[in-house]
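In structure tokens, one chain follows: the form predicted on its own.
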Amino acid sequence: MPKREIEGDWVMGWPDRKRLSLMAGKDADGRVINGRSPVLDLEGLITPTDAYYIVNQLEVPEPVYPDDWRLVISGAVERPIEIGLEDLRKLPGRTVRAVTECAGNDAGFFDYLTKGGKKPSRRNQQDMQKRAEMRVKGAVPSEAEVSSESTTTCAVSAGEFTGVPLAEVLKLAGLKPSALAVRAEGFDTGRPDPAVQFRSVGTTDYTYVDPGVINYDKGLPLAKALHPDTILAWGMNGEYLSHIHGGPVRLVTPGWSGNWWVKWLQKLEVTEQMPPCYHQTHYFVLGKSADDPDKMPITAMGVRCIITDPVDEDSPLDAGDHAVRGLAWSGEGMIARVEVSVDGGNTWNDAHIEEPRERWLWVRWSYLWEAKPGTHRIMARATDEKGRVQPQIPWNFQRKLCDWIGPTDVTVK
């Protein structure tokens, strides 16, 4: 019997082809509140909006109608102002294509590559619906659940964002010479979920700081705020920004991890010192331990390179030619080189990097491998235009920004 080739009103032309969709968790009203992206199935560079990963640190707010949305700019400015979406759209616009990556993406490889034990899978192994239900109930996972979880490579996506440079908006208000940072605040509120932080450190034996109910905010250093590619976006992948992705307007900070991309933006406060935002003083920090006096806020991503084909679960492979494929990106510049090893890192060969190569977007790469019978450890590493070679980020107690080389282990028959 022929396979069905029609999906709704569209003739797809590929038997049993399905559109990429989010591995999602929903709230009690059936609304998506979290999700992981099927990264291994991505064809091309841009993740479809409906397959874009979703992480929220606080409660998902009710939507604000775009005509009712207002942005307040205050603080160390010459002219405190309030503007609406139409005002924003009258300013010189800009479109940026960039990778958005959760700071905790691939955290399990930190532990696997230092301590051994359970190897993380590139495929999503997390029950996002269970997580969503626990979030709604305020439930905390058990120590066994937290310690046995293995984070996956599914909290990362890439998109095209359209908006206006933050610098243009700040120009309207006029920065005072004393300006040092820009505090961006969303209209989402709530108490930080302890389960998120327990998963981050890999144990419930961790004392986290409870600030009570807060708005999500981040204090952006002025240099990053004024970068022309730091934008206030109302568009994503050719459409208006959807609510769950931060609409009507969100902050886009290319190269920096997703926690800086403040969603549901409502306020910009220019400050004369770095504001003590919770999610950069107590969470999303780099440190050797929870007691480390020199903890620093995480900012730019390291150098990242992942193998998307083959993955461990594809084993055993038939002997013969196989295209090893993957994605590579960096928080500080274009990818200049990708190397592949099929013998556990003893020897390395240059992979082919596809065009285009853009500063903030990932690249697709491939390497033709003549696979022979036996067991093989396939590895890939990237170098960016600044000369940074993967890995760049040291182990840290919250296991953030892992850019270590995660191998694929396969058997060839």
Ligand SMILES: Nc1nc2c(c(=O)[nH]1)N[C@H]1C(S)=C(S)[C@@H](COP(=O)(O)O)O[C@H]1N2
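Heads up: residue numbers just count along the shown sequence, starting at 1. Not measured: the values here are computed from a predicted model.
We do not show the form predicted in complex with the ligand, though everything after this point is about it.
S.K.: Tell me, please, which stretch of 113-121, 269-277, 184-192, 313-321 lies within 4.5 angstroms of the ligand in the model of the complex when heavy atoms are compared?
M.R.: The contacting stretch is 184-192.
S.K.: Indicate whether the ligand has at least one heavy atom within 4.5 Å of a heavy atom of Ile81 in the model of the complex.
M.R.: Answer no; every heavy atom of Ile81 is more than 4.5 Å from the ligand in the model of the complex.
S.K.: Contact between Tyr208 and the ligand in the model of the complex at 4.5 Å, heavy atoms?
M.R.: The answer is no: Tyr208 has no heavy atom within 4.5 Å of the ligand.
S.K.: I'd like to check something about Gly163: if you look in the model of the complex, is any of its heavy atoms closer than or equal to 4.5 Å to a heavy atom of the ligand?
M.R.: Output for Gly163 is no: heavy atoms all beyond 4.5 Å of the ligand.
S.K.: In the model of the complex, is there a heavy atom of the ligand that lies within 4.5 Å of any heavy atom of Asn259, even though the partner is absent here?
M.R.: Answer yes; at least one heavy atom of Asn259 falls within 4.5 Å of the ligand in the model of the complex.
S.K.: Phe109, Trp234, Trp264, Phe198: which sits within 4.5 Å of the ligand in the model of the complex by any heavy atom?
M.R.: Here the answer is residue option Trp264.
S.K.: Find the only residue in Ile46, Leu58, Ala51, Val64 having a heavy atom within 4.5 Å of the ligand in the model of the complex.
M.R.: Exactly one listed residue reaches within 4.5 Å, namely Leu58.
S.K.: Taking Tyr216, His245 and Arg250 together, does each of them reach the ligand in the model of the complex with some heavy atom inside 4.5 Å?
M.R.: Spot residues vs the ligand: full contact, yes.
S.K.: Taking heavy atoms and a 4.5 Å limit, what residues of 279-303 are near the ligand in the model of the complex?
M.R.: Contacts from 279-303: just Phe284.
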